[in-house]
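Starting off, we have a lone chain in the form predicted alone, written out as structure tokens.
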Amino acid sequence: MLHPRVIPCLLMRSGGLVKTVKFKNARYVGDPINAVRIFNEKEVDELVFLDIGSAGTRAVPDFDLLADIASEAFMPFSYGGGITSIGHVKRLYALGVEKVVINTAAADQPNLVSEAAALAGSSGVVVSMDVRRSWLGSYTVCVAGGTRDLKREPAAYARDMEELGAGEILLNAIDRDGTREGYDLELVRRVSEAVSIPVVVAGGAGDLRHFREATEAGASALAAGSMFVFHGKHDAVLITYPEYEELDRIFK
């Protein structure tokens, strides 16, 4: 049976893979090329690479590393981090990146979203939204690695991004990142109901049932990090991915 996309979301910093908890305490977990080779063997749907080392800095994408990833990856992959110009977008597409993921620049240079969509179509443009929940339960969109609050409500912001030409939203709940406690289903509902484009949810996956809960809340696809790189009660680094039979059962 066809099931929603299940996507490993891999964070990079200084050329290595890392994993965070609530956008803090980045822990080194391995080499991105080795990870790609393992995910090739496991026949994953697609991959997302996000370079968090560029957040809040003027760093540009590591095009050499991305070229190496593109030469190894059997599956389509998306990339975000340090994308601030249409020149960056063109170069990434030329390397073989299927989708560009725009975060801070979508807020600071919204025309970049439209320019990228005009270049390769909306299907190749993802706007990443990092969302923080207050203790009162309200939500706000943040950029620059979660350090700058836009004071924008996520559903309205997502609608704006769709109008600019984004073909997909990557919705990341900062407060759930790395916790493996489940996705923020209320956030998923609000944003999914606000737009007609696919919403890929991230932040909190720790169990296959979390995938089903998120799709029932409106998610089009599921992204996860810790769930695919840690194993056991001591969080040993072991790259895994569910068997397709497991996914078929959970989405029945």
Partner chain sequence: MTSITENCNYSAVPDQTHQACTRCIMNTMADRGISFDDMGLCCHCQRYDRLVSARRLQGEQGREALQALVDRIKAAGRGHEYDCIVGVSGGVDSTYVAWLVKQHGLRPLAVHFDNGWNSELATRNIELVLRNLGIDLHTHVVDWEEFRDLQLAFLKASTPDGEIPTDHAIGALLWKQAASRGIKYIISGMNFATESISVPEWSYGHSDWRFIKDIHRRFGSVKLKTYPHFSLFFLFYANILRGTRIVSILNYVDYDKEEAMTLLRNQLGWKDYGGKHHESIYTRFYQGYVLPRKFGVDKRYGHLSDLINAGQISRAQALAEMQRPPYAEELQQQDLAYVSKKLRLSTEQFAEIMSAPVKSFRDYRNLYGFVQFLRNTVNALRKRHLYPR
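Numbering follows the first chain given and starts at 1. Bear in mind that the values here come from a model prediction, so they are computed numbers and not experimental data.
Beyond what is shown, the protein has a form predicted together with the partner chain; the following relates to that form.
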{"query": "Interface membership of residue 163, the partner chain in the predicted bound form, 4.5 Å heavy atom rule", "finding": "no"}
{"query": "Close approach of residue 217 to the partner chain in the predicted bound form, 4.5 Å, heavy atom", "finding": "no"}
{"query": "Residue contact check: residue 42 to the partner chain in the predicted bound form, 4.5 Å heavy atom", "finding": "yes"}
{"query": "Heavy atom of residue 18 within 4.5 Å of the partner chain in the predicted bound form", "finding": "no"}
{"query": "One stretch from 187 to 195, 23 to 31, 46 to 54, 209 to 217 that, in the predicted bound form, holds residues within 4.5 Å of the partner chain by heavy atom", "finding": "23 to 31"}
{"query": "Stretch 225 to 241 - residues with a heavy atom within 4.5 Å of the partner chain in the predicted bound form", "finding": "231, 233, 234, 236, 237, 238, 239, 240"}
